[in-house]
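One chain comes next, on its own, written as structure tokens: the form predicted on its own.
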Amino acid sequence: MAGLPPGLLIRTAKQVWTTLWQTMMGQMAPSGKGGDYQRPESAFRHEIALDSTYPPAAHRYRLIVGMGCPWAHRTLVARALKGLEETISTIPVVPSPDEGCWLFETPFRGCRTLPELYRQAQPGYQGRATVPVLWDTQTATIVNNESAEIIVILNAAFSEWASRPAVDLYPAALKADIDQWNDRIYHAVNNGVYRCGFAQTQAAYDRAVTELFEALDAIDQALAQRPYLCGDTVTLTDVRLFTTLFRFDVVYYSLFKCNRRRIQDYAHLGPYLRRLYQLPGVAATCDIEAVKRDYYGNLFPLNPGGIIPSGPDLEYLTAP
């Protein structure tokens, strides 16, 4: 190889790496014909209700979470805001960069990996084994693995045992407003950062990054008029947005190429992020070292060297 012309060597290496990159990205982040990332649907969508197979109960259900995952982080924030830490315990998992799946820190029900538990809950299961998971210890199965639905469940089903039962993150009077914000935030921001980071064409990236910052600009303007997106009280919309904003300057700005502007540089989004971070119990759900480890250390196609950056300094989150 040393005797090859530099141009030929570079072109050959680039062609080989591009082919490998596209193969790995296709497995990690499926895309459409235009190179746009398409997130698969969650498979388990049961509710917890008095008249269902899964009735509300203290200490019956557990949350399986990865601390670096923003979707799992949502459930931890909702659990903290309601004061359900004593009612619903957690089971931690960590991502394996070599196996491409979540691993239990301590084997659970004889399972070393999360895919094994999914197959235990549903024999023959071939879908994605994602977090969060709301697990029922009584029937030994998965109740729900869709974070947007789990946080609704946590808000409504366990108030009898919550230390802050008066907290209502999805009040009836605000549901229409909450749902409208949720739709826009999911597409443009929550999933939008992934559409930027996992885009496989320039056009797909350009679409995603434009929609992302148009949404962030609109949110910033809305927050000029009120402390939270739907008014004077925190709602599920804020919970869903918070876990993306918390990771933005640390991961998405650089690794996912969302680098037009940092969240802390916005006039209203920056203080809003601090306001949410300082709500009772929220800071305890935030593990920035796990976030950096899971993204920079495990997303090989985006960071082949696996080098984890030392910064940034997050002391600004504790400022007034």
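We number the residues from 1 along the sequence you see. All values derive from a computational prediction rather than experimental measurement.
This next part talks about the form predicted together with a small molecule, which is not shown.
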Given the small molecule in the predicted complex, answer whether the residues S42, C69 and Y194 all have a heavy atom inside 4.5 Å of it. yes
The single option of V131, L81, A208, L236 touching the small molecule in the predicted complex, heavy atom within 4.5 Å: V131
Considering F158, W181, W102, F246, which brings a non-hydrogen atom within 4.5 Å of the small molecule in the predicted complex? W102
Indicate whether E85 is a 4.5 Å heavy atom neighbour of the small molecule in the predicted complex. no
Residue contact check: D168 to the small molecule in the predicted complex, 4.5 Å heavy atom: no
Would you classify D220 as touching the small molecule in the predicted complex, given a 4.5 Å non-hydrogen atom cut-off? no
Is it the case that D136, even though its partner is missing from this view, gets within 4.5 Å of the small molecule in the predicted complex, heavy atoms only? no
Given that the partner is absent here, state which listed stretch (169-177, 199-207, 144-152, 221-229) has heavy atoms within 4.5 Å of the small molecule in the predicted complex. 144-152
